[in-house]
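Shown next as structure tokens: one chain only, the form predicted on its own.
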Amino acid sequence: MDKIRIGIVGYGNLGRGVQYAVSQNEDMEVVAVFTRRDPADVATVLPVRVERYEALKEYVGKIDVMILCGGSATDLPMQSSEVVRLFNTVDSFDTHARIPDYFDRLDAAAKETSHLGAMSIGWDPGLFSLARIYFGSALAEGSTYTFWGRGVSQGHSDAIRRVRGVLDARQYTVPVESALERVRNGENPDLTTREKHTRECYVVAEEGADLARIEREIKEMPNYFSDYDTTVHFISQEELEEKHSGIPHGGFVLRSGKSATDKRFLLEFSLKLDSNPEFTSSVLTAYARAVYRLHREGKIGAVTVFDIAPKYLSPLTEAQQRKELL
């Protein structure tokens, strides 16, 4: 059996997770990692060739699907349209407010060279998106709620690290427990963004940096913090590594509603993750398989989880799926 040839662009927590995830799938192999750093400085968790980002063109025809592992703040908006002109791609773009524009740009770029790009793949957006559309479709009268955490958001942590004067940071998304309980009790409350979550930021600043400015820029950052009650804690690098080195996460999608005869229903999908990037990487890897299969069928352009049937994700044959899973 020919293996699906995978490339990895970017080698942080997500890139390392993809390499581990691919190693768990017998129908895939990682061909190379591409980085903007000096390849000699990149130590991979498993042996693999490491190339400069500029070497991408040399691998056209040698890689089936490129998994993009950069951040949503600045990396993916630039890289996705570049890379999809050369390869089929999968990415985890997670800035919800910018998804429509991101889709349009990726779709146009992919169609220029007849490639396929799966975007916003992970657990939210991604698996949680599927829960929202399935629950809302099955239970027509009701309200859908999404709660995240308590956990570390990679995208929000990355956004903080882009603030001038910040050396390192971790951001925790924390659900407001009273709001979650109101939903589970069937109250169907009308909750604002601020009423559902708070954000806790642990920041290591450069010596002599303007802490007041850093805190203000974080709290006023649109699409990330401006709509939430946000707390900023300045700590040392040592404390960050001692107390905040892990990257756990999780959350809930709930739909509360009723039937035409007033029978009440509560639907809930939840995740509890020891490692946010390693689980996101596993989802990206499954969707890389789907992209490979769909492109072989002639599909091009941009797609999301809404466009990809579950059968394309599984390593099982369709006959096995019907026998073992249906």
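One-based numbering along the sequence shown. This one's a predicted model, so the numbers in the text were calculated from it and none came from an experiment.
Missing here is the form predicted in complex with another copy of the chain; even so, the following discussion is about that form.
In short, of 172-180, 129-137, 73-81, 157-165 it is 129-137 that has heavy atoms within 4.5 Å of another copy of the chain in the model of the complex. For the three marked residues, 269, 308 and 322, a heavy atom of each sits within 4.5 Å of another copy of the chain in the model of the complex. In the model of the complex, another copy of the chain sits within 4.5 Å of a heavy atom belonging to residue 282. Interface membership of residue 13, defined by any non-hydrogen atom within 4.5 Å of another copy of the chain in the model of the complex, is ruled out.
The closest heavy atom approach of residue 48 to another copy of the chain in the model of the complex falls outside 4.5 Å.
Among heavy atoms of residue 228, none comes within 4.5 Å of another copy of the chain in the model of the complex. Along 275-292, a non-hydrogen atom within 4.5 Å of another copy of the chain in the model of the complex is carried by 275, 278, 279, 282, 283, 286, 287, in order along the sequence.
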